[in-house]
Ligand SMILES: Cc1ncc(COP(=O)(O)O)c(C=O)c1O
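Here's a solo chain for you in structure tokens, the form predicted on its own.
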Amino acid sequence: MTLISFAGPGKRDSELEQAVAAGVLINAESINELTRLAAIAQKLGRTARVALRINPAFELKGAGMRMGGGSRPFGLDEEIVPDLLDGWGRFGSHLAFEGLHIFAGSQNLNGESIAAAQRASYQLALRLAEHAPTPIKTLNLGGGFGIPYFAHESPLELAPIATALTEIAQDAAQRMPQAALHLELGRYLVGEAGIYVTRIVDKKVSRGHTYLVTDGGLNHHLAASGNFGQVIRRNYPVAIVHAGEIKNTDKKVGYGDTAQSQRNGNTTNTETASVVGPLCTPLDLLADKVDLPITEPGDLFVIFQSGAYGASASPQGFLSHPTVSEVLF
């Protein structure tokens, strides 16, 4: 049995057909999707494996992006799910209920908040399990594990989360003995592992302010431009590379702090500059008023914390500029 699951609103019929044929667990997001899925499974002569994605009434406090609580495009509102499960027979024998998917939010750096959301998710799952047509096989508690992007942020403290998960696992072993517990840790696992590198192609001064123009911008790295969920735009951690040498700076370079560069054993001056991409829009801003070593065309500009929500989350076809190359080391 495949361990792949398929989530997200707006699944196409062709995608659902492939998922059913492959035996993928489908996290259904609406009653309409369930109806379509039942018809597709019947047409294929297969039984679709289904988990319900739940929009909980609570939020993950402090989340960078809120995925639950209130009105959301994601999942089924928790209050309608008991009746839906009680009437599961309406879908015939073509939908096999397997579990629940509860994802309250993402990019959170408060371990206590994540632990509280996990406990709340588990209690919600227990209540909904009382209405389920079959025992819960899969309980996805979502994610929310964040990484620090900016100078004022600290790494996520895992101890409260470990305590909560231990409690949940021990209780679930008794009350949901058939259930496998799942977490979604994408950004936490890969976000800090990737960098984005682009080249400085021009340098200009406009009314006293220095601009460094690169050959890649928000079309390659939308998140770093601040246009992917930031309410108040902040700079990612960055660095400059010149002629094969890293212009070493203190650990806060790129966060807007004053920094000095050591090059060939000599201290060089810094400059305050904004780094912009090649697109004809003021949104194409990769770093704003950041202190960097003196930089010239031909130098490389590096953005850290770029292993998640990079190329795949960016409009690479915008204005027909070249697409980004992805390299695995």
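Keep in mind that this is a model prediction, so the values were computed, not measured. So that there is no doubt, residue numbering starts at 1 and follows the sequence shown.
The form predicted in complex with the named molecule is left out here; the points below concern that form.
> Given that the named molecule is not shown alongside this chain, does F103 nevertheless sit within 4.5 Å of it in the predicted complex, heavy atom to heavy atom?
Flag for F103 set to yes.
> Given that the named molecule is not shown alongside this chain, does N219 nevertheless sit within 4.5 Å of it in the predicted complex, heavy atom to heavy atom?
Looking in the predicted complex, residue contacts with the named molecule do not include N219, since no heavy atom lies within 4.5 Å.
> When the contact criterion is heavy atoms within 4.5 Å, does I80 count as touching the named molecule in the predicted complex?
No, no contact at 4.5 Å.
> I'd like to know if N235 sits close to the named molecule in the predicted complex, meaning any non-hydrogen atom pair within 4.5 angstroms.
N235 lies outside the contact set for the named molecule.
> Among 92 to 100, 208 to 216, 165 to 173, 179 to 187, which stretch has residues with heavy atoms no more than 4.5 Å from the named molecule in the predicted complex?
Residues of 179 to 187 come within 4.5 Å of the partner.
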